[in-house]
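Just the one chain here, laid out as structure tokens, in the form predicted alone.
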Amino acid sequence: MAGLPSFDRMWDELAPIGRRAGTGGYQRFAWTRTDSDLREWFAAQAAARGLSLVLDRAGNQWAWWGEPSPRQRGLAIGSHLDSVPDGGAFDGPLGVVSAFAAVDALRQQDFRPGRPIGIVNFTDEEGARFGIACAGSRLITGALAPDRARALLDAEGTSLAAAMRGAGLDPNAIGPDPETLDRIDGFVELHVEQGRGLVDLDSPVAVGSSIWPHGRWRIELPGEANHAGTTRLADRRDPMLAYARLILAAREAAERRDSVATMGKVSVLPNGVNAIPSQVTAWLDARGPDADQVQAVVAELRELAAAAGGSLRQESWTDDTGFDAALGRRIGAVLPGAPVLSTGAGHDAGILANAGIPSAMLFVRNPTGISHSPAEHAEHADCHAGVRALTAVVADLAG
């Protein structure tokens, strides 16, 4: 397995899809034309390998080598293909491409799986369009109610239900999918590292141990629209002032509680240069190694929002997620010397783990330490090291 031409070919095929001119970043949002192109690419890869393609109730794509059943459950590998706004090339696609490349490598070795192997492309993992991260895996595990999902709106006011219909899928079908979950009894997700852990450890690949508690909250701050030039400061009801205080308070509270808090998305009405806003809607992302400390950060901000006449309500929450210990030990034996890392980033592997499916993660070194940005990167040799690691893990788990 000295060379990995199938990985290189697939990576080159994916590179132009959804890439933004000028920034080099990616705009790959769920249920868009770009997303359809990505899903068609996935289907073509499955067909080229003779894998059977199955859609679950949420529209997640599964490409199967062998036919899984409750009597012979399969091992799933893969990740997602969508991106954050102006995101990097590696977050998600590296795991999907590596999964196909691992199957190719196993076939080159004349490997005969002892149980089915499935490659999955989870939809809307980033939640960039409708605000709920890991929507595809949350829906099939029951962590996201279907009525709530269908009613989610994007920035243009398009509902998730309408977007799915526009993409040729039935939004009335979404919901918990025990039949799909009964087809798998293990999931291994390879992902680019979204930090500098492997840079500091001087290792190309690591095994994931856990995901920090994390969540998203929506903040509504009311004001009164008025003229920017004729309204005295004393007469203004400007919600941007409350928003600015919340940004500073989030940073201070997170520092005190060994957590991280980000307010990176905001919508302002009427959004005019010469108009005092009538409404500010903002989103908080808060995470940390201790769930109680993260919730304490949020509680402080909720009080501040209420004092300004506004509100802060939870949109999603995932508790501390430890990956399957036995599976982790087995992978560690396959990859001796690979470091073990926890992460503050959420993943579909975490959603499946919380649903009781033994799950694990492999991380590939990111020399920039930057993610959710065009600067996100992984060296060619490290990508290949990740494929080799995944291939060895799959050979052991599905042998």
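Keep in mind that this is a model prediction, so the values were computed, not measured. From 1 onward, residues are counted along the sequence shown.
What comes next is about the form predicted in complex with another copy of the chain, which is not displayed.
- The stretch from 354-362, 42-50, 61-69, 367-375 that comes within 4.5 Å of another copy of the chain in the predicted bound form, counting heavy atoms only, is 367-375.
- Of the residues given (Leu169, Val199, Ala162, Val260), Val260 alone sits with a heavy atom within 4.5 Å of another copy of the chain in the predicted bound form.
- Shown without its partner, this chain lists Asp290, Asp177, Glu300, Asp285 as candidates; in the predicted bound form, only Asp285 has a non-hydrogen atom within 4.5 angstroms of another copy of the chain.
- In the predicted bound form, every residue of the candidate spot (Thr231, Leu248 and Ala254) has a heavy atom lying within 4.5 Å of another copy of the chain.
- Although the partner is absent here, Arg216 lies within 4.5 Å of another copy of the chain in the predicted bound form, judged by heavy atoms.
- Interface residue remark: Arg236 is counted as part of the site for another copy of the chain in the predicted bound form, having a heavy atom within 4.5 Å.
- Among heavy atoms of Glu126, some come within 4.5 Å of another copy of the chain in the predicted bound form.
- Proximity of Trp212 to another copy of the chain in the predicted bound form: non-hydrogen atoms within 4.5 Å are present.
- Contacts between stretch 208-226 and another copy of the chain, counted in the predicted bound form as any heavy atom lying within 4.5 Å, involve Trp212, Arg216, Glu224, Ala225, Asn226, listed in sequence order.
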